[in-house]
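This document opens with one chain alone, in structure tokens, the form predicted alone.
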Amino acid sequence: MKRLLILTHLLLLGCSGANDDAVIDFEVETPRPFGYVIGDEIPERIILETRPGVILNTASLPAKGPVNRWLNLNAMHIRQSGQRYEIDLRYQVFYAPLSVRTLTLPGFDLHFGSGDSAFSKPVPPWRFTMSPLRDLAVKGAESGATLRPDSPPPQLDTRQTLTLIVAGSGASLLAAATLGFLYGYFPALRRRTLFKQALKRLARLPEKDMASALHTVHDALNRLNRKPLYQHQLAGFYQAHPEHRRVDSQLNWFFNYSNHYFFSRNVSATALDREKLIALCKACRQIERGSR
């Protein structure tokens, strides 16, 4: 009878499930089991909680590095809060299937200790499918589905830039044309350069050659008037060219001086007379440029 009681006690101990009670919570979280291709990473999380006094032996966890020829364990992190453990594993697959194929993340045993006792808890293997990167047979265009080039990038809107370029170019051309007009660079507008040419000729004449200098200014005034201009015609000249009324006193001095120089005796030119003549020519040049 005593032997029967001892055997019964041992059987009850064997069926008591002491190892399972040591791990009071155990869960394995895995992602979707399909759609993986070569190079993808697969996370796996193990959540467990042990009863007080039971310690996880971290040496029982898989080591980082190659697991087999197509699987690698890239990272492993353990977070412990009291008797609760969260173990994050990150695998990377390098299998290159030619068609959809089912593979398995290998399982392993977690070892625990409590005093002199030791036991383990298995982490089950996990199955998933891998897909090839592309079909082996490339379909033709007539089949309706095939490899296609990337869509071209969208074109930038350059209308505003073109508008600014056209507006800037137009403004530059207008400014250049205005300057060319003022400086008399257009052959058809030589009348705008009459006194410019006169100033150039005056600069080339000897200082004592007052006769040629007076002829030069007379020629410029005649060409501007389109006929010979005399002093008594200045009123009519001003009606056609009112801007020259501003130099009326200088023009009257010019005609008086010219009459005395050509028709009176013993009239000699001085440096001051030449300066006045050049000043008249410069004033007329400013008028024809529009700057006066």
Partner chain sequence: MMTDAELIQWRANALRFEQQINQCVLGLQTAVRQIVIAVFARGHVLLEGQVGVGKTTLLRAVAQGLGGNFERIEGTIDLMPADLIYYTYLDENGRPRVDPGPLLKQGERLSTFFFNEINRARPQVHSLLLRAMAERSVNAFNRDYAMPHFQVFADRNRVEKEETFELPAAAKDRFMMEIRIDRPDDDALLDQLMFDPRFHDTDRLIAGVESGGMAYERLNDLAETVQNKIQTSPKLRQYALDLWKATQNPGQYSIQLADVDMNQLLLSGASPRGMSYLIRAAKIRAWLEGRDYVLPEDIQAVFAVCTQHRLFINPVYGYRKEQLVPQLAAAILQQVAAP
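Numbering follows the first chain given and starts at 1. Note that this is a predicted model, so its numbers are computed, not measured.
What comes next is about the form predicted in complex with its partner chain, which does not appear here.
At the 4.5 Å threshold, heavy atoms of Ser258 reach its partner chain in the model of the complex.
In the model of the complex, Gln92 stays away from its partner chain, with no heavy atom inside 4.5 Å. Proximity of Arg69 to its partner chain in the model of the complex: non-hydrogen atoms within 4.5 Å are absent; the residue sits far from the partner. For the chain shown alone, Asn222 is a contact residue for its partner chain in the model of the complex, at least one non-hydrogen atom being within 4.5 angstroms. Here is the short version: of Pro52, Pro228, Gly65, Pro242, the single residue with a heavy atom within 4.5 Å of its partner chain in the model of the complex is Pro228. Of the candidate stretches 234-242, 40-48, 261-269, 25-33, only 261-269 has residues whose heavy atoms lie within 4.5 Å of its partner chain in the model of the complex. Annotation for 207-223: interface residues with its partner chain in the model of the complex are His215, His218, Asn222 [heavy atom within 4.5 Å].
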